[in-house]
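Next up is one chain by itself, shown in structure tokens, the form predicted alone.
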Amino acid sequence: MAQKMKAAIFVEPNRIVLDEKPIPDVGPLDALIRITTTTICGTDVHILKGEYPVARGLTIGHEPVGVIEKLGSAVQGYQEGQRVIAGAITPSGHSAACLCGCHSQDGAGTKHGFKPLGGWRFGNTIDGAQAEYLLVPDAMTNLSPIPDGLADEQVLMCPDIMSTGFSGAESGKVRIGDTVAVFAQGPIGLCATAGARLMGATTIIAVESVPARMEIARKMGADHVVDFSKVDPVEAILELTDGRGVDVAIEALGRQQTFEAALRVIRPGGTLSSLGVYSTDLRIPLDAFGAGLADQTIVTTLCPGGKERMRRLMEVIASHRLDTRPLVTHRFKLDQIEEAYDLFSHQRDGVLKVAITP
């Protein structure tokens, strides 16, 4: 009889519960990792609410930090007992999307068309990380050893939040001397702010209303913080830029209101870099879009994954260019996962990110 493990399982909309599952069998290219720390993502809340569909009985979570428990027979270059992370996105390395250089969209094209988000498997199409053990597919493409001296909470943001936030600045092609606006300073927005600073932006305007998040935004690199509860953020940003607008606006919330505001503050020829997960159709207003003639770029990004991406992000942490530990505001045991979901989904008690440990 297979050994059992505890796991956070999607039962139905508005119900994720802690239950038991068999510990997975390890295939030739897989690795089984024992989870030492994980967390809950805003996307998991979309799953909880039924806004993003997943199969009933699926283990949720896509941000693993752990120790290699068992390696598949064909896996080379790693050893059991090694501390590792894997990205939220786990590309195979050999699909059409991967071979085109778009690892995040790793999914099989079919006669019915290409399925977006194909690279996001943990807690989406296969069992995820909010459990005692996690099976990592294509381990040699996805496992990245944690540098000596880095604690779990220092690298906890690398699998998703940091990778996603940074990609907002990267996809927006932020340049030295740019002015950048970042709409919403949740965990991803805060990392987008930090990413814009690392890429050379010299004026960063953060849009937020929660005082604690406004304070962390300044630590992450924001030069100005606009409180959207007190002023019109579009007017405030245009005033701060003397009417010029920003070179890049990063949308990190996933709502019509913030998407439209981001479009309205970019200069002609500017870029709207969208990171939000949207749950309804978006409208593009004619005037904000310059009737389609404003030379604007709208770009979307799914969190880059794979071991090289994880290595680079951990190098940023190890070199002290960024400290993401302040984003972890609450800590729970896996046994308390339902309580953690309740707190995180209702955004109580100033929560930014939670750390979940066995």
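Note that this is a predicted model, so its numbers are computed, not measured. All residue numbers are counted from 1 along the displayed sequence.
The form predicted together with a further copy of the same chain exists for this protein as well; it is not shown, and the discussion that follows is about that form.
Enquirer: Given that the partner is absent here, does G195 sit within 4.5 Å of a further copy of the same chain in the model of the complex, heavy atoms only?
Expert: Close contact exists here: in the model of the complex, G195 approaches a further copy of the same chain to within 4.5 Å, heavy atoms only.
Enquirer: Give a yes or no for Q296: in the model of the complex, does one of its heavy atoms lie within 4.5 Å of a heavy atom belonging to a further copy of the same chain?
Expert: Although a further copy of the same chain is absent here, Q296 would touch it in the model of the complex, with heavy atoms inside 4.5 Å.
Enquirer: Should D247 be classed as touching a further copy of the same chain in the model of the complex when contacts are defined as heavy atoms within 4.5 Å?
Expert: Result yes; D247 sits at the interface with a further copy of the same chain in the model of the complex.
Enquirer: Is H62 close enough to a further copy of the same chain in the model of the complex to count, meaning some heavy atom within 4.5 Å?
Expert: Judged by the heavy-atom cut-off of 4.5 Å, H62 is well away from a further copy of the same chain in the model of the complex.
Enquirer: So, a 4.5 angstroms cut-off on heavy atom distances: do all three of K4, I216 and V231 pass it with respect to a further copy of the same chain in the model of the complex?
Expert: No, the whole trio is out of contact, none within 4.5 Å by any heavy atom.
Enquirer: Would you point out which of 127 to 135, 146 to 154, 80 to 88, 262 to 270 contains residues with a non-hydrogen atom within 4.5 Å of a further copy of the same chain in the model of the complex?
Expert: Among the listed stretches, the partner-contacting one is 262 to 270.
Enquirer: Identify which of L302, I35, A31, I40 has a heavy atom within 4.5 Å of a further copy of the same chain in the model of the complex; exactly one of them does.
Expert: The option sitting close enough to the partner is L302.
Enquirer: What residues of 219 to 253, in sequence order, lie within 4.5 Å of a further copy of the same chain in the model of the complex by heavy atom?
Expert: G221, D223, T241, D242, G243, R244, D247 sit within 4.5 Å of the partner.
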